[in-house]
Structure formats: C-alpha cells, structure tokens
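As structure tokens, one chain now follows by itself in the form predicted alone.
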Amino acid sequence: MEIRILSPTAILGYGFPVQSLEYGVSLEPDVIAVDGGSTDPGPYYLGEGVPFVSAKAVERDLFYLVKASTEREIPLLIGSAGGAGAEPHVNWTLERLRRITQKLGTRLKAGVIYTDVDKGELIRKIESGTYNKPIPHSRLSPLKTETISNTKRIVAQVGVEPFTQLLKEDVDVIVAGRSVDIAPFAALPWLKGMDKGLAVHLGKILECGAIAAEPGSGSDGMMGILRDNEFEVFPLNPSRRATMTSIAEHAMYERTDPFREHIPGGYSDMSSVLYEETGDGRVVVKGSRWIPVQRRLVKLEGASFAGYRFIVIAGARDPDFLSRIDGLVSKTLESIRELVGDEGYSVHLRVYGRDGVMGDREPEPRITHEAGLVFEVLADEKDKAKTVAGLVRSTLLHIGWEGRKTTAGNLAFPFSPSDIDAGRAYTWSVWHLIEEENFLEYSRMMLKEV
C-alpha cells in the first residue's frame, strides 16, 4: 500500500508558490493536510479568541487548496484552525471557507471538530482526583479549581482519532480545533491500517511544510509518500532539496527528546531510524516504531487575563549608563512607588544586548557597545498601566548619577509616541497533561455543509 500526503505550507495563511502546489497535485496525493495554528505566538490569541494570521492570507491559501481539493476529489484536512484552535477560531476558519466556496461556486461536506474544554466538567475531574501534571519547565503547579475558574478559555490538544472518525464519513474537508501538529497528516494512514510509528514520524516532517528542506521555508510545500515499511519525503519546489541532515534535524525540532514524538496514546520511537538520500533531493526513512503507553494523557492549554499592557522601547549607548542599568532601574521604580504606590501593576525590563532573549537563563550576560531596552508594564487598569509606563520612561530618561556626562537624556526612542498601548495581555495558566481514557472526550464532532 502507498499513501501520498501533500503538505502545502507550514501554517494555513503563511502562503506557498502556486507552482509548488500544482506540482504536488499532479503527483495525485491521497490527502492534502495543513496545520492551521500554533502556541508559538503566545497566550493572547487563545485568550482573546482571535487569529494570528490575517483573513486575507488564509483566504488566499484556501482558494487554491479548495480548488485543487474539489477538482481532484482530494480531502483537505486542517488542524488547529484559526491559530489557537478554540471555538471562535474554528468558526472564523469556517467563515473563510464559506467565502471561498461561494467564490468558486462549490459546496463541501465539512467535518468540524471543536476541542474546547468545559470548565465545570474539568473542575469535577480535578476534584475527583484525576491525574494532572504541568508540562515540565512550565513553572506551573497542578491544576486547582481557582485556576480553572479564572482561565478565559481552555482547549484540549486532541490526537489522530477524531480525524479518522470524520474521514469515515467521506467528508471533503475537516476543520479541527486545537490538535497535535501531526494529526491531520497521520489520520488517513491510521484509518487505512498503516504503520502508526512511520505515519507519526512522517507527520512530524510534513507539519512545517518545507522547513525540513534545504534551504528551508515555512511558505512552501513538501510531499510525503508512506509505504508499508518506509516513507519518502521531498520538497515541491525545484530550488529546494531534502537531505539526510535536514530531515533528521527536523525530527529533533521542538523536542526535549530527539528520539520520541509523543502524541496522545503513545509515541513514535525514532532511535533506530535509517535515513537514505536517493540522489534526487529525496530522502527515504525507515525504522520508526509505534510504542503505545499505559497512561493516556492529553495536553490542555488555557489562557488567563493578566492585565493591560503598555511597552516602552528605547536604546542606550552610554557605557557608564549601561554599566549601572540595573541599579538605575531600581531607583526609578522606587521613585514611581512613592508616586503611585506599589499595588495593581508590575514592571519588567528586557535588556537586548545582554539577556533580552534568555532572561535569567542567560549563561553569559554581557553588554556590548549598545543595548535595546524594552519595558513592559502590566496593570489591572489601563490608565494605571499608561501612567506607570510614562513615569518609567521619563524618570529613567533623566535620572542622574555621580559622574554622569549625558545631560540631554539617557535614552533614544525609535518611536513617537514612545509609550505604546499593547492592549490586553494574557498568560498561560493551563499548560497541563491530564489523564483521559477516551480520546474522543474532548472532541465535539459534527458535519456541516459549506
């Protein structure tokens, strides 16, 4: 048996060359699968219920994908629709799909998967003693009733099973809420009884489009061909190629363990994998094994409102000022507390050029000849956030110290206004694994005509 899977782009709305898609479609794929979202942009999009990719970009991609899907009768599978994959994101994607079907004059039988978690039901599970554990390094505690109640939205990251269920209904398209990245890619192979370990590993390579190629790109496509004991991958653009290195590297992408790709129910063991280049920009992969696990865990993601955010971006080049930056910031915050108190707000500084990326995990904090300062102010009231941001900016701009030579100002501001309203802010409050025997528990499935 052989199943051909076309991955057009890393995320729906990231774009792709039409020529790449046309070439991929000419190879007669059995399914077109595309990831629609990610938690990479942070908790805001889940909390606010808005997408992180524009409607225009998604509709552009959907136009070509739906056209190819309907003309060739190839099912189109979309995971983590709309970015964060909550109900408003799924409905937003369905509206984009509706606009495209009207433009093309076609109708689609759509399978829809909502993965939103009922907070009341989740509280009952937690109170009954259901196993739950925060994701390692999340710095969170096990779930409690108060945390769940204060979380704006919670979604479950479902696995392959709901996709296979809807494929049995002979749907034209599946629009799914939050799901593991590989789910839409592994669904048809699992339904057809093909090797689960190989299918999951192949899905891992395909989920980011041509990022696994050389040169890599999230805005281009890849083709995967799954066979009984191996799979083959190659990019759809002649300017790219797959190599043993690029494919092996992507198996390690976003992994704490480079040999295991975990999804609900088990993992693909890649510790004995063999990679072989065929000499034409293609790579054949063998040896991935499916390992089921006893404890069936599902990841939950939830975002809580953290406050109103203002940011101030400034540059500094005075070596004396930079050598004293932490002490001067402490003095600035002391003076602000005298003016507005110390409740209802927080101030966080990132020093780019020292530890702006890694923060307190930076192994070698040091400042070169200049640094970029980003102040983030969070407050329970918008006006308070604006007030504190203005005080941070004005106080540090003019603060003095013994031996100071700069009298015109310590900071350079690239933007006017310098105090930027960043709107409502959210934090990850639910980032946990919960035990669930029935993997369809968090999948509300339905059929719709689009």
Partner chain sequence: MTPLRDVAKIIRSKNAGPFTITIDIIFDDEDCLDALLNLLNRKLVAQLYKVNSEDIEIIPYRPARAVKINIPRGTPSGHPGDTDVYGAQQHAPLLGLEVECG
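In this text, all values refer to a predicted model and were calculated from it rather than measured experimentally. Positions refer to the first chain, counted from 1.
One more form of this protein should be noted, the form predicted in complex with the partner chain, which is absent from this view; the next part is about it.
Interface residue remark: residue 366 is not counted as part of the site for the partner chain in the model of the complex, having no heavy atom within 4.5 Å.
For the chain shown alone, residue 417 is not a contact residue for the partner chain in the model of the complex, no non-hydrogen atom being within 4.5 angstroms. Although the partner is absent here, residue 72 sits far enough away that none of its heavy atoms falls within 4.5 Å of the partner chain in the model of the complex. Put simply, residue 426 is close to the partner chain in the model of the complex: some heavy atom of it is within 4.5 Å. The candidate spot formed by 41, 259 and 309 is fully in contact with the partner chain in the model of the complex: every one of the three has a heavy atom within 4.5 Å. Residues with any non-hydrogen atom within 4.5 angstroms of the partner chain in the model of the complex fall in just one of 148-156, 217-225, 343-351, 99-107: 343-351.
Only one of the listed residues (337, 255, 317, 124) places a non-hydrogen atom within 4.5 angstroms of the partner chain in the model of the complex, and that residue is 255.
Though the partner chain is absent from this view, in the model of the complex it lies within 4.5 Å of a heavy atom of just one residue from 325, 251, 297, 167, which is 251.
Scanning 397-423 for heavy atoms within 4.5 Å of the partner chain in the model of the complex gives no residues at all.
Inter-residue distance, residue 114 to residue 136 (Cα): reduced by at least 3 Å in the model of the complex versus the depicted form.
In the model of the complex, the Cα positions of residue 152 and residue 136 lie at least 3 Å nearer to each other than in the form displayed.
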